[in-house]
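The form predicted alone is given below as one chain in C-alpha cells.
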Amino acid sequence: MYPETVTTIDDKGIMLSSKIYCQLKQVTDLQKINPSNNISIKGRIIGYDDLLEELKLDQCIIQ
C-alpha cells in the first residue's frame, strides 16, 4: 500500500493524485476525507479511461 494524495471529492467517490478515481463502497466514508490528505484505499480495478487518462476503481474502502 502506498498513500496517495486526495485531489478532489465528489458525491460518489474521490480522485487520488489526479490519476486514480475511486468509487467508494460506503458513501458515508466521504465525510472522513479531507482534500490534500494522504490515504490508502483498497478496491477493484474496473478499467482505464484512455480519454481522461484515469484508472477507475469501484467498491473502494479506506484502509
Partner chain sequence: MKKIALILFLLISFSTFAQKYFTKTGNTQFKASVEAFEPVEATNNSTTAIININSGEIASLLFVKAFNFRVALMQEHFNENYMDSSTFPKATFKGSISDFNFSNISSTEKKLLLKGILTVRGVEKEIETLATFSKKEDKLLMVTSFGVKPEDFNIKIPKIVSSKIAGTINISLAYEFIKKK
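Numbering follows the first chain given and starts at 1. Small disclaimer: the values here were computed from a predicted structure and weren't measured.
The same protein also has a form predicted in complex with the partner chain, omitted here; what follows describes it.
*Heavy atom of M15 within 4.5 Å of the partner chain in the model of the complex*: Contact with the partner chain, yes.
*Looking in the model of the complex, any heavy atom of Q59 within 4.5 Å of the partner chain?*
Close contact exists here: in the model of the complex, Q59 approaches the partner chain to within 4.5 Å, heavy atoms only.
*Members of 44-63 lying within 4.5 angstroms of the partner chain, judged by heavy atom, in the model of the complex*: Heavy-atom contacts within 4.5 Å come from R44, I45, I46, G47, Y48, D49, D50, L51, L52, E54, K56, D58, Q59.
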